[in-house]
Structures are given as structure tokens and as C-alpha cells.
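Take a look at this single chain, the form predicted alone, given in C-alpha cells.
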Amino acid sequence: MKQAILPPKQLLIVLFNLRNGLLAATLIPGTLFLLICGSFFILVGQSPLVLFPAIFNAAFGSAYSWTETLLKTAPILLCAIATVLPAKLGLISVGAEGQFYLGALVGTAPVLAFSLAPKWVLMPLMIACAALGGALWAGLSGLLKARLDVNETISTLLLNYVAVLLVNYAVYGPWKDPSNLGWPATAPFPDAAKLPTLGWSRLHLGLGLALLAALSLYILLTRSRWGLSLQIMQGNRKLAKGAGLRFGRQVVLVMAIAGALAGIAGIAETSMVQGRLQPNLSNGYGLSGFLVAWMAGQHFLKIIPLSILLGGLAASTDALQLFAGLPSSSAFVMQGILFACTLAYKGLNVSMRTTPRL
């Protein structure tokens, strides 16, 4: 009996029917990512066979590499959580970058005002102020959405620029340290404003807070009445209103919680990596967190390994500069390629599911 051969279109449908498996969802976008990045390296005159191992070693090849990767994972993960949580209510927030900056700004205020305070006073005050700053910044977009039905994507995006300008105003103006010889930055943070670290490494409390937040919110939203109410409001707002659930209040609440986490990321980066408040402190962590959240399908557990992956790409910047002479922006190019490959896989997957079979 002659064996039937599937036409190419049907073969693609069969392959994409593997979509429910984690292997297919990882392997297909990952293969596309490697092929496109390899082509990019060839176009700039570099060998992918040399550059890919160098990038991997720079991100995961040693204890030092892992430390640098996890240092960058902490803010990315917190900003990813700040994107995922509003998404559980059907909101698309792109404001983690601005919340990151405002958390750093407001968290710096008590450090400069009470620099001689003991550690047990200054460090919790710094973290609380940073969380408050991020919460107020995100809560503003939530309030505009709840009261005036202002699109949260637009408001959070525009507030990102405002937050960056506020930080620039502070470090170029009233908070500028005269001893910096013209460099726009505040005075260095005292030891009392430093977060606890893991042993002798540079890994700090921010990573632990990020992991704890991701796990706690996953459990809370899958095992509590609050999580169920968010699902109902996301799926059918009219039904939720009939059940007595107040959408506007929940919008402000989830945005404020998300902003608080992004604000903590900002002050952790300022305190433990930069050592002072200065311009360009984010390195695109807010946008990387948004990328991680959408790659993970807005899932609190999946954002953890993806944040490590993006942290590794960010940590490989030095390898790209050292081995290939490429600018640091190449790491952002790779992140964009990874995002595009993931979205392409998901879009083609949906297309295959909805294509009528003849």
C-alpha cells in the first residue's frame, strides 16, 4: 500500500500541533534565534562558531559569569513581574522603566537626607520609599484608567520619559555632588544604605526579593479568591460587575503593587551596582522585563528562567565588545531578535490553528 505524503502546509500544521509541549515552544523560537543571530554576526564579519561560545562563557561559563548574570537578572525579573501582574487583569503596562527610575529617585531621598542614620533605620526606609515611589507612579496610570478610561499602555509609556527626566533634573541640579568634578550624580551611598549580599559575592537581596515575589504572586493568583476575581474581571467585566467586583479599584491596586516591585528594582540597582543615583542607570531593564513577560506568556514561573536568559545576554556585552569589537547595543539587538522569534512562533502557531483544513 502506497504511503500518503503530507503536503507542506499540512506538515507544518502537524509540527505546530506540538505547541502544547514545552520542548516545541522552546526549540522552534530558539532555533530561529540562533539562525538569525548567526546571520547577523556573519553580516558584521564575525564567525558565529566563535562568537556564540564566547557569549555563553561570558554569561554562564564561570562563577564570576553567573554572578554578573544573576545581578542583571534581579532587575529584569522584578520589571517582568511588574508587567505580568497588570496583565492578569487584562492591562498592558509598559511602564516598568519609569517606575524603576522613580523608585530609584524617591528611594534616594532618605539616603541623602539621613546619610548618618544606622543601617537598621536607613535601609528599610530606603526600600519603603522606593516601593512607594514606584507604586505612586504606576498607580497614577491605574487611576487614569479607572476614572477616565485612559489607555494604560499610552499613559505608562509617556510616564517613562517623565520619570527619566525627573532623575536627570535631580542629578544635574539640586542633588548633584560638587565633589564629582562636573559628573552628574549624587554623593555615594553610605554602607548603611547597602542591601545584604550573599556571602562575599555581589549578589544582593534584590534577587531574593524578585524570586520571592514571583513565587508568592503565582501561588496567590492561582490559589486565592483574589486571583479568581482577577480572572473573572479579565474575562468578562459585565459579569464581574454583576458579582459585585469593582474593576477600577483592582486596576489601581495591581498597578500599584507592580510599580512598587519595579521601584524596588530601581533602588537595588542604584544602591548595589551604581553606588549612587546617576543618569542612564537602567540599561533598559524595564523593556527587558516587558520582553520577558510576553515571551513567557504572562506566567509568573516561566519568567524566572527567561529572566536568567536575558540577564545572560545582558552580561555578555563585554564578550561582544572584546571578541568581536561590536558595540554594547548588540546585546539589545539580540534581545530584539529573540522577542521577534518568539512572537513569530506564537503568531504562526495561532495562524495554523485557525486555518481551515480543506
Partner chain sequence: MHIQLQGISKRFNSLLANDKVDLDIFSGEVLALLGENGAGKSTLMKILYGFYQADEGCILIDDRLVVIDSPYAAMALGIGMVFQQFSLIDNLTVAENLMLASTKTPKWQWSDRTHWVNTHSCLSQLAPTIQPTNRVHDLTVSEKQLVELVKVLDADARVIILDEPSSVLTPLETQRFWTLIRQLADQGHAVVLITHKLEDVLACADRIAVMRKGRVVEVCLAHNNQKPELERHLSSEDLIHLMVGQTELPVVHPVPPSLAHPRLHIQNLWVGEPAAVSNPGHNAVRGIDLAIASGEIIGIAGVAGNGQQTLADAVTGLLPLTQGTVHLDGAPVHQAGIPYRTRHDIAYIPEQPLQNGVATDLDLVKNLVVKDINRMPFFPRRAKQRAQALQLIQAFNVQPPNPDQPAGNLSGGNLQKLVLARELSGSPSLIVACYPTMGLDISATQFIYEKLFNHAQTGACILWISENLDDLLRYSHRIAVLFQGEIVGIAETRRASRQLVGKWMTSGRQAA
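Predicted model only: the values in this text are computed from it and were never measured. Residue numbers count along the first chain shown, from 1.
The next section is about a form of this same protein that is not shown, the form predicted in complex with the partner chain.
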Quiz item: For the chain shown here without its partner, which stretch in 128-136, 218-226, 257-265, 154-162 has non-hydrogen atoms within 4.5 angstroms of the partner chain in the model of the complex?
Solution: 218-226
Practice problem: Flag residue 244 as yes or no: does it have a non-hydrogen atom within 4.5 angstroms of any non-hydrogen atom of the partner chain in the model of the complex? | Solution: yes
Quiz item: So in the model of the complex, does any heavy atom of residue 196 sit within 4.5 Å of the partner chain?
Solution: no
Exercise. Indicate whether the partner chain has at least one heavy atom within 4.5 Å of a heavy atom of residue 239 in the model of the complex.
Key: yes
Quiz item: Does the partner chain get within 4.5 angstroms of any non-hydrogen atom of residue 201 in the model of the complex?
Solution: no
Self-check item: Residue (of 117, 92, 185, 232) lying close to the partner chain in the model of the complex, criterion heavy atoms within 4.5 Å
Solution: 232
Quiz prompt | in the model of the complex: members of 43-60 within 4.5 Å of the partner chain, any heavy atom | solution = none
